[in-house]
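Taking the form predicted alone, here's one chain by itself in structure tokens.
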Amino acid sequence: MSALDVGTYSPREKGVVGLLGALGAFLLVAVLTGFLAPAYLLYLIGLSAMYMLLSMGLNVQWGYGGMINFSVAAFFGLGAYGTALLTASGSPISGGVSPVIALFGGLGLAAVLAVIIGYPTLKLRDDYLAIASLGLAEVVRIFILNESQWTAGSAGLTGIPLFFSDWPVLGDLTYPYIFYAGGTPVFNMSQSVVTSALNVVLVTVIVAAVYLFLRRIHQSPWGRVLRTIRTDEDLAETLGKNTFAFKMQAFVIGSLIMALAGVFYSHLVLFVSPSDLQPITTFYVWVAVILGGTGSDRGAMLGGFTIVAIQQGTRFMTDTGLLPIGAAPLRLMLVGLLIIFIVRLRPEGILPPERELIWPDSLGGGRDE
């Protein structure tokens, strides 16, 4: 029996799957009854996937390497601005570059900065890294805000194309896109639905690829050394491991995944501004990782989804007049209560690292790799 079979899941995992299934069914009914627009549902899925990527990136650094990084928003912003500056028609420095090529521009920018900030700080104690990364996040945001000749400043960047805009077939679709059956139009699809669906396909592929990649490296000797460094760095050095090199590699990998989320965000929302780099983004991602279970990629994904559910759910409840207060204070209050609840009742998180740390055989299934 494979470790991925449902029969090998713990009761807690089955409960999480059941809850997500019920929520999915509720959203599907909301769409079918016209209560929720299909394009908005697809947008929410894309936003959830973006937070999953951010959470998995931080999980590489903190969950496995024990590195405290408070500059999640900075690397997210570098990815977002990197691709936006290269592709947007309103870019002050370039524009017009294919999004596929610009993707590597955003990732390269994040990799360079990760090395620059990681080299002088990763040899220091964790608290120094935390201070340095917090300062980095603000430096990046303020730089983008003030250097308007390069970044468009507080106005933000507009005119960002869709990721598939220059692709054959997909980029040439005309709207509304109508499906025919026997010469009779049976379904009329608007541009927002088509582009949102394409974004969901794109980000699903990205999330799946990142998850499988992290699963592989975390169960490899590299991942085991990284966990040893987090538990006892002196022991790892005694065993002859170059702990600085391992931490640098983990820091760069995590930063690239965060930048990847930023690239996707730019081509999802089609607008970026310095307000997207606020420290609250870093705060939400940390909550997502702790909520899901530090060191667990599955937990990080669940945490990212939960954060978006709280963000958008509170906005929805306020818009419908179900609550007498605004969304922003309610959202922060719910996140705060969630943190207290988790710390008190499940300090290890909802889906703590089990399958990531042991062989699937010990869970009752066969070894699948």
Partner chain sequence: MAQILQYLANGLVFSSIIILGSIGLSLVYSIADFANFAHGDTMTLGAYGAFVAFGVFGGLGGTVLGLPLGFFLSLVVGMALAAVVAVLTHILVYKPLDTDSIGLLITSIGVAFVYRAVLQATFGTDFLQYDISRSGPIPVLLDTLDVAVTQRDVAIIVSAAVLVAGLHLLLQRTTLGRKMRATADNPDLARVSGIRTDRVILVMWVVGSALAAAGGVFLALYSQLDPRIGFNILLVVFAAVILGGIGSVYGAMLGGLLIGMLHELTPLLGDIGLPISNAYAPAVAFVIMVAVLLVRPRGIAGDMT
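Numbering follows the first chain given and starts at 1. None of the values given here were measured: they were computed from a predicted structure.
If you look for the form predicted together with the partner chain, you will not find it shown, but the lines that follow are about it.
Among heavy atoms of residue 283, some come within 4.5 Å of the partner chain in the model of the complex. At the 4.5 Å threshold, heavy atoms of residue 340 reach the partner chain in the model of the complex. In the model of the complex, the partner chain sits beyond 4.5 Å of every heavy atom of residue 233. With a 4.5 Å cutoff on heavy atoms, residue 225 does not count as touching the partner chain in the model of the complex; it lies far away. The partner is absent here, but in the model of the complex a heavy atom of 142, alone among 101, 209, 112, 142, sits within 4.5 Å of the partner chain. Residue in contact with the partner chain in the model of the complex (any heavy atom within 4.5 Å), chosen from 156, 279, 90, 108: 279. The stretch from 307-315, 65-73, 51-59, 28-36 that comes within 4.5 Å of the partner chain in the model of the complex, counting heavy atoms only, is 65-73. Contacts with the partner chain in the model of the complex, taken as any heavy atom within 4.5 Å, map within 126-151 to 126, 127, 128, 130, 131, 132, 134, 135, 136, 138, 139, 142, 143, 146, 147.
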